[in-house]
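As a starting point, one isolated chain is supplied in structure tokens, in the form predicted on its own.
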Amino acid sequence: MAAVTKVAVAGCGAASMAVAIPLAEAGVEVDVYELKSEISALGSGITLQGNALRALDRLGVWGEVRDEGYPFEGLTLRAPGPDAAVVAELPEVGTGGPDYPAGMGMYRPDLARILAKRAEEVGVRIHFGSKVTGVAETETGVRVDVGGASVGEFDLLVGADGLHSTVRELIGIEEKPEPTGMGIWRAFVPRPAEVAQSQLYYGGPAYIAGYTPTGEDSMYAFFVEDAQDRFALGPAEGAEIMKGLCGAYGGPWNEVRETLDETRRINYTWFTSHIIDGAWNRGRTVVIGDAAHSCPPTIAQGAAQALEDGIVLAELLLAGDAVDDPLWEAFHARRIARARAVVEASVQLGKWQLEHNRDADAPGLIFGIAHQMAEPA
């Protein structure tokens, strides 16, 4: 018998679906409350490492993800400048094992759509336009309010409601994402034929210039810079800034520059970081994914860690017989150190760049984390 029969989940992202799908498959009643009115059709690209692909297979969506995304092996490092000289061709650690590619790029809303479709297929009830506004422990569970009114009592509330988690605030956890000092421009552009894997350029006017293929005809391109107040700029202004940055980089950037305009889903955000110090739960409410930990995408492990959070939590809930201290101890033992290693390494890579530290062993740090992630969560 599972530790839960009825679970509420706040949020409809990767972490949410990763816990909801296995629970519903096992017969647990799962209600997901999502603030947005629908699965967003807009968003940026996402890079999925092998351990994320392994997790998606566990959720029953690997076939669809493989068909929608662009799998690749290895990472190319190139130098800034008109020649865009190749500095290194790096093999990637297969963090998902031999059954999956080392990495995959795809459009983030496509992944969200695939996961939500799978969740509904196995019986998850997704309530859009619904915000969790209250949490109260009872003798037998947790009472959840949505939109200011009670929606009932549940055995568990999972706060998978992202960086600016309401659930995290409601249960009194004070840690929250803080800027790291970097900002990133992203755009979707046609994929030049020569781009068959992620490529990164270090140096020039941007800390990192890079792109990742997301399909046969698409890729997302990005520039990492000092964090600036760019949020009032419109798509056309963002396109002009990105086109200007392209001028310092050769190779495929020449094609990218010609296609950049306001229609390319230009997006600008700051890098942030946090991890909850100590337990991620307060009684029968727990936060996971970006609500519990976040980091810059310098190692591309954010989605993988969110998926692993949800899958591990579901596994323990289905194997246990109570939502009690031993269950939380087992969950934290499997998740906190692993998530912390990713957060700290991701932040360290950015810090070295901000400090212009040319002696730092960035490849060693990246490969070290990759080997850790190759071990199942």
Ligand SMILES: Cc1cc2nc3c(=O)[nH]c(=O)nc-3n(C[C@H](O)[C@H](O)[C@H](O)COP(=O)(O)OP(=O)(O)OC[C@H]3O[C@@H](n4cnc5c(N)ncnc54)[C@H](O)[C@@H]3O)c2cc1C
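Just count from 1 along the sequence shown to find any residue number. Keep in mind that what you see is a predicted model, and the values were worked out from it rather than measured.
This protein has a second form, the form predicted in complex with the named molecule, left out of what is shown; the following refers to that one.
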query: Heavy atom within 4.5 Å of the named molecule in the predicted complex - the one residue of Pro177, Gly251, Gly215, Pro297 that qualifies; finding: Pro297
query: Of Ala303, Met182, Ile173, Met242, the one that lies within 4.5 Å of the named molecule in the predicted complex (heavy atoms); finding: Ala303
query: Triplet Val19, Tyr70 and Glu308 all within 4.5 Å of the named molecule in the predicted complex via a heavy atom; finding: no
query: The named molecule in the predicted complex: contacting segment from 199-207, 148-156, 76-84, 284-292, heavy atom within 4.5 Å; finding: 284-292
query: Non-hydrogen atom contact Ala55 with the named molecule in the predicted complex at 4.5 angstroms; finding: no
query: Contact of Ser346 with the named molecule in the predicted complex (heavy atom, 4.5 Å); finding: no
query: Any non-hydrogen atom of Val61 within 4.5 angstroms of the named molecule in the predicted complex; finding: no
query: Touches the named molecule in the predicted complex: Thr269 (any heavy atom, 4.5 Å); finding: yes
query: Sequence-ordered list of residues in 76-108 near the named molecule in the predicted complex, where near means a heavy atom within 4.5 Å; finding: Arg108
